[in-house]
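Next comes just one chain, in structure tokens: the form predicted alone.
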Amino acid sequence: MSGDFFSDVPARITYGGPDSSDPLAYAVYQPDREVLGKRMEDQLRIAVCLWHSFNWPGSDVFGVGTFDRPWLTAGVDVATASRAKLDAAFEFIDKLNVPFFTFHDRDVAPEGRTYAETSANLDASVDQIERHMARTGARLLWGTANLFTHPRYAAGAATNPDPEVFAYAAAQVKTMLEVTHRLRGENYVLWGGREGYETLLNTDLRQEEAQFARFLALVAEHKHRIGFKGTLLIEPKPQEPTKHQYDYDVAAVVGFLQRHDLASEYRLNLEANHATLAGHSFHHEVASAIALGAFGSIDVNRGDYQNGWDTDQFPNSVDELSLALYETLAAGGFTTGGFNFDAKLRRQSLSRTDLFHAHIAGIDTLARSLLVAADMVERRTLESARKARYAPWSGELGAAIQSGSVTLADLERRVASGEIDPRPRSGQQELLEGLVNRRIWAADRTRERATKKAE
């Protein structure tokens, strides 16, 4: 397990342009290109995740792992495996030329026989991570704790019927929040992997909600106690592996936070595939989070329309991502968040280099989508139509309704007198869909012209 793991890949992936025949070059992504007053790298804030890329063997419910990941081989010394995994991960991050990474505690250090041994394993790995960060300049977008893999969490972590499991999960999050603070992470994510139920026959919904709220309050309290200045993020997910999860979607999470006076402490980490599992578009979830003042960060991936589960594939649709990016840019862009590649290779993608091919294609998809979204923001492609559609609410009647100065009886009298007699107006959905497609095509043509001019 010594030496460069990706020896067939050049020292740094660079921009080759749309006509480049080199699969190990970016066709669109240019870190220093200015987009709406910021460098492209600073608009996208791309992160590599360590779990799917380096801690997943390529297994599924019907078969064992297929990937070439020597550190996951049974019987390998724990310390040796952890070092090899992190060496490969940071070689990858450095060669891919992206600014951030993300990880769970168990991605970088395995569970020991005791909690003390587990903590020692994590400390040793964090020491190594710090050295790699100093060498490469990579930064931590966010850290999180794995509260779902170990059998102790079969019935959830914060929502577990056993308070000892709650306590163990709290200890694990405390440690990982402190690790994230130590590594100057910009966010900390809580993902309720099993915070839900498999059957209502043995579930006390009121009790579990109260437990979950108390857990989140404890985390927020400890954040302030240790002086962590990053953002706390919750990641919505509707189901899988449980039948139902309490953090189902943006609306459910925000409602939960508001009920328990936690809305000022948390923002959301949105995942594209989780949005579609909940029956929403990713565009919907991003727009909802922004409208509710809860937008934080994004796990960028996609599902398969023929499968009803979380396939976590790399993004490849500019049409879909452009609208999510439009909402993000129109709201001012990321603050502490970014785009984390929470995506898996397919089981048949066996080459080590396939990990680069997947990320390069996904990053270029993001970059193309960013250019389309920026074009639509500058041209007010959607904003003008939205503003015109709701313009009557700025008039006398709309202002009176919103201010509370009229009653139902007042409105009924005006309708009965014939003063108010509304007529339907076109929502122009097809027109707007056509305009969005035109901007996608136009952005591609503009990019091609700019490339030819530069040559």
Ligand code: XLS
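The numbering used is simple: start at 1 and walk along the sequence shown. Fair warning: this is a prediction, and the values are worked out from it, not measured in the lab.
Note that the form predicted together with the named molecule isn't included here; everything after this is about it.
- Checking 282, 326, 142, 339 for any heavy atom within 4.5 Å of the named molecule in the predicted bound form turns up a single hit: 142.
- For the options 267, 104, 194, 302, the residue carrying a heavy atom within 4.5 angstroms of the named molecule in the predicted bound form is 104.
- Of the candidate stretches 168 to 176, 117 to 125, 230 to 238, 85 to 93, only 230 to 238 has residues with heavy atoms within 4.5 Å of the named molecule in the predicted bound form.
- Using a 4.5 Å cutoff between non-hydrogen atoms, residue 310 counts as a contact of the named molecule in the predicted bound form.
- Among heavy atoms of residue 51, some come within 4.5 Å of the named molecule in the predicted bound form.
- For the three residues 148, 271 and 274, a heavy atom within 4.5 Å of the named molecule turns up in the predicted bound form in every case.
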